[in-house]
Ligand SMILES: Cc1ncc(COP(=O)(O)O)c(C=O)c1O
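One chain comes next, on its own, written as structure tokens: the form predicted on its own.
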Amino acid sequence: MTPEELAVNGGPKTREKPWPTIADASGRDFGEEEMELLRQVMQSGSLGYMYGSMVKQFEQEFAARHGVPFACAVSSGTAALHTAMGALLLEPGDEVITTPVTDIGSIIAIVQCNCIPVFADVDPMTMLIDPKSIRERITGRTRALLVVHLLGQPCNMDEIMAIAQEHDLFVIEDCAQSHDAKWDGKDAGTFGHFGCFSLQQSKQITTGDGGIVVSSAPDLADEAYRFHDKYYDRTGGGRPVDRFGMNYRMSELVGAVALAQLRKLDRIIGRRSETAEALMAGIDEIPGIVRAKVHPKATHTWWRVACTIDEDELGADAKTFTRAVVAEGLPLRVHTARGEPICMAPAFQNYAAYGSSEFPWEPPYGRRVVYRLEDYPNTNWAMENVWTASWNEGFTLEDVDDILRGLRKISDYYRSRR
């Protein structure tokens, strides 16, 4: 049987219809639950968290869900990370090891605390930070690890926490993409000193923008809560403003949406998991296409789905496969638009954090860490060979069938020409 002509060669596209998207209601679960809580806020007349109840209730329910005593709602995922970093009271020039596959928000938190980001390499198949590479980057200046649970899958927290304990390091978990993900049955965000979550438009639950920090360490939690609210004492205890913090307060309107979204998180994750796992099972049946790697101890909650290819089995290289999936109308793309480690961006190459200085990299505060492309071979491979698609609760099994049909079409075509 002659394989169907590919769209890249002038054949019909697998799909013309748009895919469900996180950008609008086609891929988001909003409804009467959010509207009812928003109505309550407007009727109360209390839109600020100091006078209302929605943000406080969201914090309580989020903490309870994660089995921790403390949660602090903030204005964004970046604010969550900055709040956690700020609470550690690190010194200018201290170093924080993190991953080169992340959003700039993770790094903003480090640099805006006058600390220096140092980048470990990743596992090429998951793009999660590699514990072995963390060990290689530790110096006498290292004070913390900021690890990112990527695409919905947690990092190897057994090894990461062992490293932190061995070297007496703080651990911040960036859970922006991994709500409800688990490592060995335990919630991501509850291993380290802080877990930081985003509620930005694309995340598993969303308020458009927003975030929340969790912790089980009372002293650090107190510091974080004061940092996020300009170091004001809202308890009535009369403590003075003894440090400089930020205003990262969440409003009651955002808190209302956050609370409604949190209460339907199980439903949202259930929908994402059903379709994503069906897609992964289908990919297993397509020669030359390789499903996302998931660690046996990990519970994946599918912020994005991912795959790679076996070029020899498929009979096509990465660039050829990319052109084919785009032409077929499939939602898969290589992982990032930049196509390189985040530390190759001009901000890092030029040490451009404050004016024309190179602070905090410049001596005597810090050291001028050099960020070189060749230091991240696994990251470089992943940027060219891991395809992902933004996933959401709007995807159906029929959508999955369309993606699989397109991937089979590509596989059949190129394999027939080997």
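Numbering starts at 1 and runs along the sequence shown. Predicted model, so just to flag it, every value in this text is computed and none were measured.
This next part talks about the form predicted in complex with this ligand, which is not shown.
K.L.:
Between this ligand and T102, S106 and V148, in the model of the complex, does every residue show a non-hydrogen atom at 4.5 Å or closer?
P.N.:
Yes, the whole candidate spot contacts this ligand.
K.L.:
Can you pick the stretch from 277-285, 195-203, 83-91, 214-222 whose heavy atoms fall within 4.5 Å of this ligand in the model of the complex?
P.N.:
Every other range fails; the passing one is 195-203.
K.L.:
Just give me the single entry in G77, P117, G255, P341 that has a non-hydrogen atom within 4.5 angstroms of this ligand in the model of the complex.
P.N.:
If I apply the 4.5 Å criterion carefully, the residue I get is G77.
K.L.:
Can you work out which of I110, I134, A292, A176 has a heavy atom no more than 4.5 Å from this ligand in the model of the complex?
P.N.:
When this ligand is considered in the model of the complex, the option within 4.5 Å is A176.
K.L.:
Just to confirm, G210 within 4.5 Å of this ligand in the model of the complex by heavy atoms?
P.N.:
G210: contacts this ligand in the model of the complex.
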